[in-house]
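Heads up, the chain shows up twice below as C-alpha cells, two forms, tagged structure 1 and structure 2.
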Structure 1
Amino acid sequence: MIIGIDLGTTNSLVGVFRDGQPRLVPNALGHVLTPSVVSLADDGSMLTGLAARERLATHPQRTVGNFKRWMGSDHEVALGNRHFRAEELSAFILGALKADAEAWLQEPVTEAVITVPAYFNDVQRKATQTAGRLAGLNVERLLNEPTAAGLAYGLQKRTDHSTFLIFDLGGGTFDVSVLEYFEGIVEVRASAGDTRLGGEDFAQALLEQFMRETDLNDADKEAAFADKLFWRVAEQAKRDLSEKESAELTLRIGGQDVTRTIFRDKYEERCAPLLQRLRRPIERALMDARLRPEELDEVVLIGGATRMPMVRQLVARLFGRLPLRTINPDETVALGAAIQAALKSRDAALDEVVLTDVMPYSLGVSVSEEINGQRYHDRFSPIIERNTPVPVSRMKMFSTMESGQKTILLDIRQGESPKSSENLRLGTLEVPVPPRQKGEAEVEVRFTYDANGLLEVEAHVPLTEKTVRSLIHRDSQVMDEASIAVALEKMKDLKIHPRDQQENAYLIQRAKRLYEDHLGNVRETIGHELTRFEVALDTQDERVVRDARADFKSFLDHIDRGFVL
C-alpha cells in the first residue's frame, strides 16, 4: 500500500485512494489535520500532534513546531537534554501518520509519496527523503505541492487543453506553479516561490502591530516574542480577522494582562510588504511559462493562509478574476498526494496520467573566465536552466585553465546568481585529467535530474576515455549514511507515545495548559477535574475511561471555547 503525505509546516495529513476517490485518514483523535509539533514528555516518550501542541505553552523548552523551515540545514533543536535535526523531528510526524494509516487500513504501510514545496532545493529534498527513511517509509516519489493540488482539482480529467496557476500559501512556504494539461499529460510549465514566506510571517506582522500599539520596554517585548503562547494567541487573532473587521488580543506581559483591539484595515497595511513579496514569484512563473494572466484558464488557491481576505483580494486584482477555491485549502495537497500514490500503484479506477515536473532552480558549476587576458573567478555556468521539464539530462564541456593541470574540481551549485558563491553548494566532484597545455584537457560534464528532484553527476574525459560517475558528494548539511544510522539508533531508544493513548494524552496536556492560563477558582476546578480523569485512567477499565474522557473533554471545551477544534 502506497500512501500520500502532505508534510506541512503547521499541519500534516495522510491520504489513500479508496473506492475510486482520495480519502483523508483520521488520526487517533478523529481529525485529519495532525499539527506538525513534537514534544519530549517528562517520562521520556515523544508526543506528536495535538498533545504536543498543547505543550508549546506549558513546556516550551521540550516542544517544537515549524521545523520544516530548517529542513536541509544543520540546525539542531534542543528538547530537554536531547538534540534533533529537522529530518528527525519530521520523522516523528511521518511515523505518527504511518501509524494512523496502518490503523485505518488494517494493513502494513511501507511506501509513500511525500509532497514538498516546489521551490525546495536539492538539499531540502534529500532531507525530506531521509525523514521518510527514518520513519520506516520508502519514499516512492517527492511530489511538488502545487502539482498535487492540480491533481486534486482534477486537472488530469479535463477534456481539452487547459492551463492552471496554482497559488500555494501555507504556514511556512509560498509556491506558485503554472500547470498545463493536454492529451493525457499534466506538465508543469514553471515554478517559483519563497521558502521563507507563509502564514507564520503574517502572524508575526500581527504581533508587531500589537507591540506598536502597546507601551512596553524592550525587555518585555523580547520576552513576549519568545513566548510560544504569544504566537498561539496571534494565530487565533489572525484567523478571527479573516472573518471579522477587528479582533481582540489579550496577552500576559510583565505579570499583567494587556488587551488591544486590532483592526483589519490597519493590520493589512502592516502586511503590505508581505503582499508585495507574493507578487514577484507570480511574475517570474508567468514570465518563465511565457504566459499572460489572461491566458490562464483557472487560478487555484491552496494553503490555509489563503483564507485571509487580503490574499484573495490580491490574487483577484492581479488576475482580474475570482480564484478557484472549492476544496478545503488545508486538505488539497494531501488529496493530490493520495491520487499520485494511486497512480504509482496503477489503481484500476484511475486513467493513466503522465505527470511531468520542472526543476525549480538552475543547476551548474563554478567556473573561471578569461576575457582580454584578465581572469575572472567565481562565475556560475548553468548546465540545466530552471523550469526545465524533468527528468532531464544535459551535458556541457569544460577545459583546464592552467598548463600541466592534473585535476578539474567541479563545484556543483544551484541557484540563479551569476556569482557562483551566492548560489547553494550541493557538493564537489574531483575529475583527474592528463597534464596538457592550458585548454587542451577537456571534460564533458553531464547532469541528470530525476523525477524526485535528485541530481547525479557524470564527468567524461575524452583524452583518457575515463568516466567518473557518482552521486554528488553530500553537503555537510545533509545527513550521510553514518548519521542516518546513528539517528535510527537514537529513535529506537526513544519511547513513542502509544497511538491508542493519544486522546488521553492530549486532554491531559490541554488541561495543564489551561491550568497555567487561569487563576483562582477556575484553576482549582481544572486541577480537581484533571485529578478525577487521572483516577479514571488508573482503573484501566475501558468503559470507565471512555465515560470519563467524554466528561473531561466537555468540561475543557467549556473552559477553552476560544481554542476548541
Structure 2
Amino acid sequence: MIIGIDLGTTNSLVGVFRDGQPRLVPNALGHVLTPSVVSLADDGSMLTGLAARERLATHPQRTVGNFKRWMGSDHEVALGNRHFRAEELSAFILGALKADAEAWLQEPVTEAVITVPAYFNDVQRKATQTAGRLAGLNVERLLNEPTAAGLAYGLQKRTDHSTFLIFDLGGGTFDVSVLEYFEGIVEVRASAGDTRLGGEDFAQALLEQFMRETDLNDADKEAAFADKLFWRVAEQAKRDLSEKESAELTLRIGGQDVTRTIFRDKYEERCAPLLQRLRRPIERALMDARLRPEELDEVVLIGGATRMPMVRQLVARLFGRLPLRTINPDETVALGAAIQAALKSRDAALDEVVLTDVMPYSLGVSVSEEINGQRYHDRFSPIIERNTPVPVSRMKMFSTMESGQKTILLDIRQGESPKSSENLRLGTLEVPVPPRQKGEAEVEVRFTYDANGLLEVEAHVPLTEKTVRSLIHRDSQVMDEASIAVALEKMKDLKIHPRDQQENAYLIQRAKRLYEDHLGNVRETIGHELTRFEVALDTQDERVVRDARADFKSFLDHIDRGFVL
C-alpha cells in the first residue's frame, strides 16, 4: 500500500485510498491533523504532534515547529544539546504518520507520495525525499500541492479540456496555481505566490486592532506582542470572526485583564492591505498561463485561512463566481496525495491518468558572451525554461572561450535573473575538452528533469565522444549519502515516544502548559489533578488509566475554555 502525505508547515496529514475513495488516517489521538512540531522530552525521547505543540510554550528550547521553511538549507536547530536539520525534523513527523497508517491499515507501509509546494526548488525537493528516506519511506513521487488539490476535486474525472485555479492561503504563505487537464494529462500551467503572506498576518492585524482600541504605552505593547498567550487568544478570536460578526478578546496586560470586543467590519477594514496583496500573484499566474479569469472552469480554495469570509468574497469578486470549497481546506491536499498514491499502485477503481507538472523555475548554466569584441561575464543561459511541462529533456551547445582551454566548467543555476550569480546555484560539473582554438571545442549539455522535479545533467563532448554524467558536485545544502547514513544512525538511537502512550503524553504536556498560564487557585488545582493522573498512570492498570484519562481530559477542556473553577 502506498500512502499519501501532506507534509505541511503547520500540520501534516496522511491519506490512503480504500474502497474506491481517498480517506484520511487518524493519529493516535484520533485526529487527522498532526501538528508539524517535534520536541525532545526530558527522558531523551522525541515527542511529535499535539504533545510536542503543547511544549512550544513550556519548553521552547527543546521544541520546534515551522521547520518546513528550512528545507533545503543548512540551518540546524538545537533541541537541548542535540542538533537537527529540517530533513531530520521532518523525518520524525513522517515516521509518526507512517506508524499511524500502519496501525490503521494493520500492515507495514514502506512507500509514500509526499506533497511539496509548487515553488519548491530542486534542493528543497531533494531534502523532502531525504526526509522520507530517514523515516524509512521510499518516496514514490513528490507531488505538487496544487496538483494534489486538483485531483481531490476530481479535475482528472472531467471528460473535456478544463482549467482550474488553485488558491492556497496557509499559515505563512500564499500560492496560486493554474492547472490544466487535457486528454488524460494534468499539468500545472503556471504558479505564483507570496512567501511572506498568510493567516498569521491576519492574526497580527487583529492584535493591532486590539491595541488601537486599548490605550497602551509602548512598553506594554511590546511585551504583549512577545507574549505567546496573547497570540493564542488572537488566533481563537480570528477563527471566531470567521463565524460571527464580533469576537471578544481578554488579555492580561500589566497585571490587569483587559477585554475588548472586535467587530468584523472594523477588522476587515484593517485587513484591506493584506487582501490587496493577494491580487498580484493571481494576476501573474493568469498572465503566465495566458488565461482570462472567465476562461477558468473552477476556482478552488485550500489552506486554513481561506475560511475567512473576506478572503472568499475577494475571490468571488475577482472571478465573478463562487469558488469551490466543498472539501475541508485543511484536508484537500492529503486526499489528493492519496489519489496519486492509488494511481501509482494502479488501483482498479481509478482510470489511468498521467500527471504532468511544469517546471516552477528556469534551469541553466552561467556563461560568458562576446558581443562586438566585448566580453560579458556572469550571464545566465537557460536550458529548460520556466513553466515547461515535465518530465523534459533539453540540450544546448556551448563552446570554449579561450584557445587551448582544457576544461569547461558548468555552473548549474536555477532562477529568472539574467545575471547568473543572482540565481540559485545547484552545483558544478567539470567537463574535460581537448585543447583547440577558441570556440572549436564544444560540449552538448543535456538537462533532464524528471516528474519528481529532480535534475540530471549530462555533458557530451563530440570531439572525444566522451560523456560526463550526473556528477553534479552539489553545494552543501543537500545531504550526501554519508551524511544520510550518519543521520540514520542518529535516529536509531533516539527513542521515539511510543504511539500507544501519545494521548497520555499530550494530556500531561497540556496540563503543564495550563499550569504555566495560570496562577493562584487554578494553578494549584491543575497541579493537583496532574499528580492524580500520574498516580493513575503508575498503576499500569488499563481500566484505571482509561477512566482517569477521560476525567483529566474533561477537566483540562474546562480550564482551556476559560471556566473559573
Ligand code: AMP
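In this text, all values refer to a predicted model and were calculated from it rather than measured experimentally. The term rigid core refers to the most C-alpha atoms you can superpose between the two forms while keeping them within 1.5 Å. When a residue number appears, read it as a position in the sequence of structure 1, where counting begins at 1.
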* To do: Return 1 or 2 according to which structure is the form predicted on its own.
  => 1
* To do: Take the rigid core as the frame of reference and indicate whether the C-alpha of residue 375 shifts by 2 Å or more between structures 1 and 2.
  => no
* Rigid core fit then residue 295 CA moved by 2 Å or more between structures 1 and 2 -> no
* Superposing on the rigid core, do we see a C-alpha displacement of 2 Å or more at residue 275 between structures 1 and 2? -> yes
* Once the rigid core is matched, what's the CA displacement of residue 322 between structures 1 and 2 in angstrom? -> 2.4
